[in-house]
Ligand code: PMP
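One chain is shown next in structure tokens, namely the form predicted on its own.
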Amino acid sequence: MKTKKIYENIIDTIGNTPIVKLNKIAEGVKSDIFAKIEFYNPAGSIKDRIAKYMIEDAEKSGKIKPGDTIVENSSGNTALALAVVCSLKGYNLKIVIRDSTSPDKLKILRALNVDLVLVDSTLPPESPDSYNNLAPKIAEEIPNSYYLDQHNDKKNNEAHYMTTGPEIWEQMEGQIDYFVAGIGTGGTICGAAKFLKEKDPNIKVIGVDPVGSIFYEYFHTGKKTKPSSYLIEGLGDEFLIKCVDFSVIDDVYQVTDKTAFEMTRKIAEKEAILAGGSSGAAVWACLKLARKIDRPARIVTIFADSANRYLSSIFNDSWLKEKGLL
């Protein structure tokens, strides 16, 4: 009888997530679509990878030690991942998070005793108290603190270059034509894309950006546009950030909240996979790509997190109706 491996702690279970072929959702297109299911990670999202990698890298380089305070701004998933890693490694954690973040994420964070600083999501990007500006300021005020900075520290990309990209390549046995992923901090898509393109330069990479974010317009025109509000969590930004490396991205598609959320619910209905809103955005982009190329191809995408973070929002008809999306 094969002996099951016993892990030393929950952090050691991060990574090596499965890839699943999407069948019913891809009916009518010639391409095969595959999703890497990242909510199999212990804290429930792809951000577990960077929480482990960036904290352990900071430890090795002597930047942090147990008892220090880790500060980060997050739309929820990185916060949850850091809550697990910091708890087991002996760090305090302070998270700056928008007050518009899904109630489900906030409840889980509070259950993990994370120190939350809720910021007004309507503040303009240039405000010193806005989501992107407040976290580094807080870190400067707290003794023995370390600002992780997932948006600008390329260790984020490196985490996916070292783990996500190689896993995809191995699981797909090198048979990949397109890699499709949302652009949030940029770490996932750019880190994995760099690895995959080094293995096969013919692989094309498609980014997905919500309407209201600045990445789509900047990629296609080189111009910085004024951001506007949107509801998809974990995608897009109001600033150009250092972890987004456009040199490894071949095209960017733009998706609306309504389209992304409708597809998220369709994934649950057709594939019995309870994924989050960014997954709906990614599948919509995969189907748009498949129809555009209209030929057999192998398309791989990322399901970054699960529906359990959006039961009060995306999977709640009353919330959708309130937002004008039903």
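This one's a predicted model, so the numbers in the text were calculated from it and none came from an experiment. Note that residue numbering follows the sequence shown and begins at 1.
The form predicted in complex with this ligand is left out here; the points below concern that form.
In the predicted bound form, this ligand sits within 4.5 Å of a heavy atom of Ser75. Although the partner is absent from this view, Ser213 stays clear of this ligand in the predicted bound form, with no non-hydrogen atom inside 4.5 angstroms. Within this chain, Leu235 lines the site of this ligand in the predicted bound form, having a heavy atom no more than 4.5 Å away.
Among heavy atoms of Leu80, none comes within 4.5 Å of this ligand in the predicted bound form.
This chain is displayed without this ligand, yet in the predicted bound form the stretch 182-190 from 122-130, 197-205, 182-190, 140-148 comes within 4.5 Å of it by heavy atoms. Taking a 4.5 Å heavy atom cutoff to this ligand in the predicted bound form, the contacting residues in 288-319 are Ala304, Asp305, Tyr310.
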